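One chain follows as C-alpha cells, the form predicted on its own.
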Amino acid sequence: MRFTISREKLQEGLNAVSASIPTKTTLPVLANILVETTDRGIRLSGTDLDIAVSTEVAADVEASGAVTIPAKKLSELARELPPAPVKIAALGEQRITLECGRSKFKLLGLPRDEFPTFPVVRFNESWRIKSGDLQKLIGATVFAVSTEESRPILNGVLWELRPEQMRMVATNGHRLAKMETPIVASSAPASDLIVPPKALEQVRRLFPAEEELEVARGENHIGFRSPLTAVYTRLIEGPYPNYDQVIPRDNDKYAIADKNALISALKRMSVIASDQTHRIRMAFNSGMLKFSVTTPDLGEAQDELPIRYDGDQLEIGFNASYLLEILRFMPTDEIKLTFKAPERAATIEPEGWTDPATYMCLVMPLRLMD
C-alpha cells in the first residue's frame, strides 16, 4: 500500500474517526485506525466495539492495500507535520513509513485481519433523513438521558420513526425531554430504536446539516451513512418505559417567563441551595414569581421575577439543576411552564415558537420542607 495525501485531508479524516477510538483497551488493535485504499482515495476506520466510524478522504493511491496504524501517534504526528504532501507506505503487514517534507517516520502497526469487522446493516430498506432534522432532535433531547447504570434502558434515547414523522424521547425518571418533527414520507417500516447518546453525538458531529443520511437497522445495530462517512452503533435492547402516561394532560395553571431572566434567578438561588438536592421553592402569583431557598448550614436567599401567570396561587419545589439544564435547550426567548399541583409533574415548552417541530420538557417536583 502506498499513497500521497495532503496534511489537511489526513487531519480531517483522523478527526472524524478519532472519537471512536477507546482511550484504554485490552485489545491492542482497537487503539489503531484501519487505513484502506479505495477508488477515490483512502478510508479511515475506528471502533470501540460499541460504535464504529469510517470516513473516506481524497488521496493519490499508487498501490492498494490496508494496514492498521496506532491512532494516537498518527494523530499527534499529523498535527505537527510541516505543510507539505504526506507520503504513507506499508512495508509488509506491520511496518509503515511516513514522509512529509524532510521528516521521515517509521511506525509499527498491526495486520488488517486483526481489526474487527463492522456490523452487518443492509441499506436496501433504509430511511432517508435530512441530517439537520436529526441534529435538531438529538440536540434537544440527549441531555436528559440517565447516567445511572441501575436502569440501562434509560441510558439511551428512544427514537420513534414513523412514515411521516420522527420523535426522540430521553428521561432519567426525574426529567424528560421530547421533540418530534415531520419528515418526508419514508417507505421504510416504522421502528422504535433505543440509541446510545454517544453514538448520536457522533452523528451530530460528523454529518453536515444539509446532507441527506441513509439510516438502516441490522439485527441489533443501526447504521447512518452519507456518501463519504458512516457511523454504526449497537442498539440498547428492551422495552422503553411508557413515557406517555407520565405526561400531564390536565395542567390548568400556566406561567410565561423570560428565559434568560429565569436562568439568572435560578443560578443566583443555586448558590445557596443544598449541594445534594438543589431544592428551591417557587411561589407563583399573578404577575410575580417569588424564589426562596433555606439551607440550614449555609443561609437563606429570596428573589423575585415579573411573569405572566394564570391560575390559583401555587408553591412548588424543584431541583434547580434540572430546570437550568432544560432552559439551556429551549429555542425561544420566552418559555411556558404548566402546573396542576405541588406534587404533580410540570411541563416547560418554548413560547411563540414557529418551527414545524414540537418540543416539550417535563420535570418532577421536589417535596417542600416547611
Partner chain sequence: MPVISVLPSAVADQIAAGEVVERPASVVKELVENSLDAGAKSVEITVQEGGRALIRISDDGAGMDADDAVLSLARHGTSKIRTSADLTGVRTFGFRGEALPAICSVSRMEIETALHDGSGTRLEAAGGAPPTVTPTQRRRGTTVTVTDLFYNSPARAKFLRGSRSEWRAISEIVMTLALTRRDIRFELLHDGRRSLTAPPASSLRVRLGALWGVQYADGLLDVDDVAGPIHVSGLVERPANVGTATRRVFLSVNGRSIRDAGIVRGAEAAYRSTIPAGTRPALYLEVAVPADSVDVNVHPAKAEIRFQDRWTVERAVERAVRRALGTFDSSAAMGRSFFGGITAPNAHVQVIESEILAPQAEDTPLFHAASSSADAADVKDYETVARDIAGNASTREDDNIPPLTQLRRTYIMFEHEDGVVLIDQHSAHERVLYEEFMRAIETGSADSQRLLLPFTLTLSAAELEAFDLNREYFDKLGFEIEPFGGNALIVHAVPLPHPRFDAERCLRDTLASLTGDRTPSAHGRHERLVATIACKAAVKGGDLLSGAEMRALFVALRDTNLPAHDVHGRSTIVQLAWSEVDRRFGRS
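Everything quoted here is computed from the prediction, not taken from an experiment. Positions refer to the first chain, counted from 1.
Although not depicted, the form predicted in complex with the partner chain is the subject of the following passage.
Student: Counting only non-hydrogen atoms, choose the one of 174-182, 255-263, 77-85, 284-292 that falls within 4.5 Å of the partner chain in the model of the complex.
Tutor: So the stretch in question is 174-182.
Student: So the partner chain isn't shown here. In the model of the complex, which residue out of 60, 315, 304, 343 has a non-hydrogen atom within 4.5 Å of it?
Tutor: Partner contact (heavy atom, 4.5 Å) among the options: 343.
Student: Considering non-hydrogen atoms and a 4.5 Å limit, which listed residue (217, 130, 234, 167) is close to the partner chain in the model of the complex?
Tutor: Selected residue: 234.
Student: Just to confirm, residue 154 within 4.5 Å of the partner chain in the model of the complex by heavy atoms?
Tutor: Output for residue 154 is yes: heavy atoms within 4.5 Å of the partner chain.
Student: Wondering, does residue 124 line up within 4.5 Å of the partner chain in the model of the complex on heavy atoms?
Tutor: Contact check for residue 124: no, nothing within 4.5 Å of the partner chain in the model of the complex.
Student: Please determine whether residue 143 contacts the partner chain in the model of the complex, using a 4.5 Å cut-off between heavy atoms.
Tutor: Contact with the partner chain, no.
Student: So in the model of the complex, does any heavy atom of residue 309 sit within 4.5 Å of the partner chain?
Tutor: Contact check for residue 309: no, nothing within 4.5 Å of the partner chain in the model of the complex.
Student: Pick out the residues of 344-369 whose heavy atoms come within 4.5 Å of the partner chain in the model of the complex.
Tutor: 362, 364, 365, 366, 367, 369, in sequence order.
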